[in-house]
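Only one chain is shown below, in structure tokens, and it's the form predicted on its own.
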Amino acid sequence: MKLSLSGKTIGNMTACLAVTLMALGVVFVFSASAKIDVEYDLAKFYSYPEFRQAVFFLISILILFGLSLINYRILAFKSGNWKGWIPNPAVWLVFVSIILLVMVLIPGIGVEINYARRWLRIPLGPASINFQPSELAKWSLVLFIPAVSALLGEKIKRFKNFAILCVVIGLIAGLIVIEDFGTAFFVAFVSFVILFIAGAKWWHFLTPLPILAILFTLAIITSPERRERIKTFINPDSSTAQTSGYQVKQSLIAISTGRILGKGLGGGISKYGHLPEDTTDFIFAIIAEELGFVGVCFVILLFIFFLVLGVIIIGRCKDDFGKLLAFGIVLAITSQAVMNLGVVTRLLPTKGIALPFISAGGTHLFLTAAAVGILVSIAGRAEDA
């Protein structure tokens, strides 16, 4: 008997999978935020990262299912002239992203956390939200490049069109790399892969390659912190291992002590001041310590299942824009997960890359949920002409 699933069923499975991963994130952000010497003051509810993440989780569910009801084709260009570009949401997101990326670099406006100015603080009465413009910039390109590529069609193979898109990508990546090398590299990587899949000729990519190589090299050699991270990655026993290599060392200790079944949910000790960024970039190490190899395999299988569902959605979609947009969303989420796991296990140099759905933070969770909502919309309408 042949089993055939409808597009809506696949979309619902994708949404449920994303919600499961986000719920897992809430559980482990709560576990990693545990304190043994602090009593909760519910009057300061929003000041606790674990409670904030629970609120972010509920809002993200609304965002995901809300966007899944909207036809993703409103993000496509209706015509090639400027009148067709003005109402397009992707164009405005790119424009707003560039403005916010400039604003975040201005002292007094951009908020500096851990020696990096990457956030804008938005006051909301007694509380405030730290918004990360680089996250918005990343997803704006994931929407913008497929829309332009689908509009151009075979014209994407012309070098002039490729060069114009490279200028947009270079401008955004260049603004991000000033304070965040990892995200800048990731944005450039995802953007160029989407362009390649859209039909750009391979030799076009050789043109900006020397420029990108020079810029990224300058970004490394002009930053003592980045040089130290690279040195520690190449030689973990160097003198810098106690500074820039401390996080990765503690991460590996947490992972190794988890063994097969882990220490049990809440039973880990790395979160008690041993592992920095335990609720954000290195939350996977907390999962490994508390759930062990079995839990690690479960989380990785969830991401693999997400990838499989994404590939099915891409394959069933009938229009070029939907295919490219679905590809960009799946690529961005799964490759970011791979990079985060690579950093946590010291397969890649340390960089500020969050684990999708699971790491603490409102900006990345809201925007990732929005992207999945669009992916679900594509799945439900994939077979439409």
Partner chain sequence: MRNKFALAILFLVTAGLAAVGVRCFYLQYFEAGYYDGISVKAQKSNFLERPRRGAILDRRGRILAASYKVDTLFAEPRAITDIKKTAQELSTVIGIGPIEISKLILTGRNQGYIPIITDAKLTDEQRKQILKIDGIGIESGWKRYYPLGSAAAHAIGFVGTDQEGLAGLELKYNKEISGSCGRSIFFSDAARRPVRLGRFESFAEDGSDIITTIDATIQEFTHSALLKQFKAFQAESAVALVMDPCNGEILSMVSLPDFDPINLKDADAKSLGNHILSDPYEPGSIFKPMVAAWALETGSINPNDSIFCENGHYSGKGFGTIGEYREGGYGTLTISEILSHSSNIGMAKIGQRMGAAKLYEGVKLFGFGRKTGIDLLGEEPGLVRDLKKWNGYSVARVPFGHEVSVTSMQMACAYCTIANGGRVIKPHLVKAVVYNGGKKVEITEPAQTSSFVISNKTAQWLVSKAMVEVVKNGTGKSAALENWQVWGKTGTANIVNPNGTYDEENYVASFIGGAPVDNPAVVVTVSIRKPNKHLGKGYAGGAVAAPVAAEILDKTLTYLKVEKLKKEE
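In this text the structure is predicted, and so the values were computed from the model without any measurement. Numbering follows the first chain given and starts at 1.
The form predicted together with the partner chain is left out here; the points below concern that form.
Heavy atoms within 4.5 Å of the partner chain in the model of the complex: does S47 have any?
Result no; S47 lies far from the partner chain in the model of the complex.
Please tell me whether any heavy atom belonging to S223 falls inside 4.5 Å of a heavy atom of the partner chain, as the geometry stands in the model of the complex.
Flag for S223 set to no.
Would you please decide whether F327 lies within 4.5 angstroms of the partner chain in the model of the complex, comparing each non-hydrogen atom pair?
F327: yes, in contact with the partner chain in the model of the complex.
Should G268 be classed as touching the partner chain in the model of the complex when contacts are defined as heavy atoms within 4.5 Å?
Looking in the model of the complex, residue contacts with the partner chain include G268, since a heavy atom lies within 4.5 Å.
Exactly one of F216, Y272, F159, F95 has a non-hydrogen atom within 4.5 Å of the partner chain in the model of the complex; which residue is it?
When the partner chain is considered in the model of the complex, the option within 4.5 Å is Y272.
Just one of 339-347, 356-364, 65-73, 23-31 has heavy atoms within 4.5 Å of the partner chain in the model of the complex; which?
The contacting stretch here is 339-347.
Going by the partner chain in the model of the complex, which residues of 283-320 come within 4.5 Å of it through any heavy atom?
F284, A288, G292, F293, V296, I300, F303, I304, L307, V311, I314, D320 sit within 4.5 Å of the partner.
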